[in-house]
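Below you'll find only one chain, the form predicted alone, shown as structure tokens.
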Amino acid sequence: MALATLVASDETTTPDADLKVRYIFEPTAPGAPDQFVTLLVSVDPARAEVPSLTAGIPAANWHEREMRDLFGIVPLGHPDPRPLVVHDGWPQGVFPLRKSFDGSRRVSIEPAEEFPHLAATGEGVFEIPVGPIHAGIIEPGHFRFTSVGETVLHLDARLFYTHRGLEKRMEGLSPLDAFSIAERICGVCSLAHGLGYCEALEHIAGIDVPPRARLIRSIALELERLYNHVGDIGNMCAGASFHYGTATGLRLKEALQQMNERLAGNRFLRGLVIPGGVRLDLSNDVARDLNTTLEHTLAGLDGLMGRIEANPSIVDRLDDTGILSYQAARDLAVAGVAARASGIDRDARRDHPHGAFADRAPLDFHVVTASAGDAMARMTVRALEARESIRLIGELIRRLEPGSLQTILTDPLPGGRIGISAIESPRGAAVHWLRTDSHGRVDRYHLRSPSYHNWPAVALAGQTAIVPDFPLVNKSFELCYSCTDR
């Protein structure tokens, strides 16, 4: 079993009148049952403490720190007591996900000292601060290297500069209104997050999505994975200063995003998936254009990977750079490409079937893995997964049959119920947890994005590289700040 997510909630307004912590685990063996196991702990608000699990379950590290910052539930014995989500100057005793906190109020930030970080001293030891503002057009994150020469001794990553309080914003909304927020948590994973929220919501409502809608959902999900993967391969080429590869990746991604616009009316596939089904059908004309686009994408991807693999200087930059061992990936419950490149055979499309992968005649697809755990392995896994997505989209289109696109949800939805889903986004399994209140509105929503579990692995892998190679290590994971911070 591995820790899938941790959900804290303020249930002081319910008859229990306490705080709750749910530790949600999932089986990890390939072919294990599609299930989640929840350990529920009730916490007295007057003494909000629980024992820390981080020493035995390293994947709980960030979860417990976030729980303390946002709910004031202290993980006793946690090895890293520093704040995670709230930054310098956040007032003591203010917990923004407590029900008593007014999400519309502006909090006064107090003068504060610099964020505490691990300091190393000695002859030839240097600290190199990078960010949070970067030269490239990326979101803010601070990376503090401790190095001797170019060798990285330690890397401390600090995120949550773009925390928007989206989970607080969704409290009290109707589940249908809250959907538009869930879909906008992240731009490049907007369809995966929208689908994850919808499946959790549909679980609560107890409805079945029509077969044609499930197929269209999965077609769009594979398109989202595909444009991310080819773009990420191009970004890795940028980290290795291989500009032909950068340009080719961008060109392939652009063609796919133009295809997205034909399918959904926008480049990020927003608004295609809706609670109960899909908003738009896939016409025969669009399906033909999609097949043509996929043929060109496959040819372009094969040509790009051939040039990369035949270029010794690029391969040298990728091989043995940013190594994440199998055991470290297991300990941190790493998800997606990063996990599979380190030998972990996990994919939510198989392990928690969703969309058309949950049909009675399941899709047969290959879960790609590698064992090296380095940047080259992560690039190779991406390329093979992109090819698999192209094949899957063709199979999904062939399975399309006439039928309805949506099942209407009842309003209000059943109250006091919990829905949970796991969707294989381009970066790995995203776990969505949703609970309705007694009136059928959103009482608590929580997203554990794959980037959230993978960022600590970036810091660990960075310690196997030299400072100039860290951009390449970072791009090989290609994580999202936005759906980490929320």
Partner chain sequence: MLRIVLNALRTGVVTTRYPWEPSVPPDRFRGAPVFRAGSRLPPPSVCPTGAISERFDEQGRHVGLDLARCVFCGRCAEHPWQEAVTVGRDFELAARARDDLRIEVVADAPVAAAAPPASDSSADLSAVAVAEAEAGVKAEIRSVLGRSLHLRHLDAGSCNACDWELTALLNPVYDVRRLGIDFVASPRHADGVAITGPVTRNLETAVHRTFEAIPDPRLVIAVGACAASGGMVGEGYASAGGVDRVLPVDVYIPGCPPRPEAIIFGILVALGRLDARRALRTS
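In this text, all values refer to a predicted model and were calculated from it rather than measured experimentally. Positions refer to the first chain, counted from 1.
There is another form of this protein, the form predicted together with its partner chain, and it is not shown here; the text below is about that form.
Undergrad: Could you tell me which one of M305, V85, I207, V74 places a heavy atom within 4.5 Å of its partner chain in the predicted complex?
TA: Checked against the cut-off, the match is V85.
Undergrad: Just to confirm, with a 4.5 Å cut-off on non-hydrogen atoms, which of R169, R391, K99, R350 contacts its partner chain in the predicted complex?
TA: Contact with its partner chain in the predicted complex is made by R169 alone.
Undergrad: Does any heavy atom of G403 come within 4.5 Å of a heavy atom of its partner chain in the predicted complex?
TA: No, no contact at 4.5 Å.
Undergrad: Mark H366 yes when one of its heavy atoms lies within 4.5 Å of a heavy atom of its partner chain in the predicted complex, and no otherwise.
TA: H366 lies outside the contact set for its partner chain.
Undergrad: Using the partner position in the predicted complex, report whether S325 sits within 4.5 Å of its partner chain, counting heavy atoms only.
TA: No.
Undergrad: Using 4.5 Å between non-hydrogen atoms, is S147 touching its partner chain in the predicted complex?
TA: No, S147 sits far enough from its partner chain in the predicted complex that none of its heavy atoms falls within 4.5 Å.
Undergrad: Can you tell me which of 197-205, 182-190, 315-323, 393-401 lies within 4.5 Å of its partner chain in the predicted complex, counting heavy atoms only?
TA: That would be stretch 182-190.
Undergrad: For 138-173: residues with a non-hydrogen atom within 4.5 angstroms of its partner chain in the predicted complex?
TA: Residues within 4.5 Å: I138, E139, P140, F160, Y161, T162, H163, R164, G165, L166, K168, R169.
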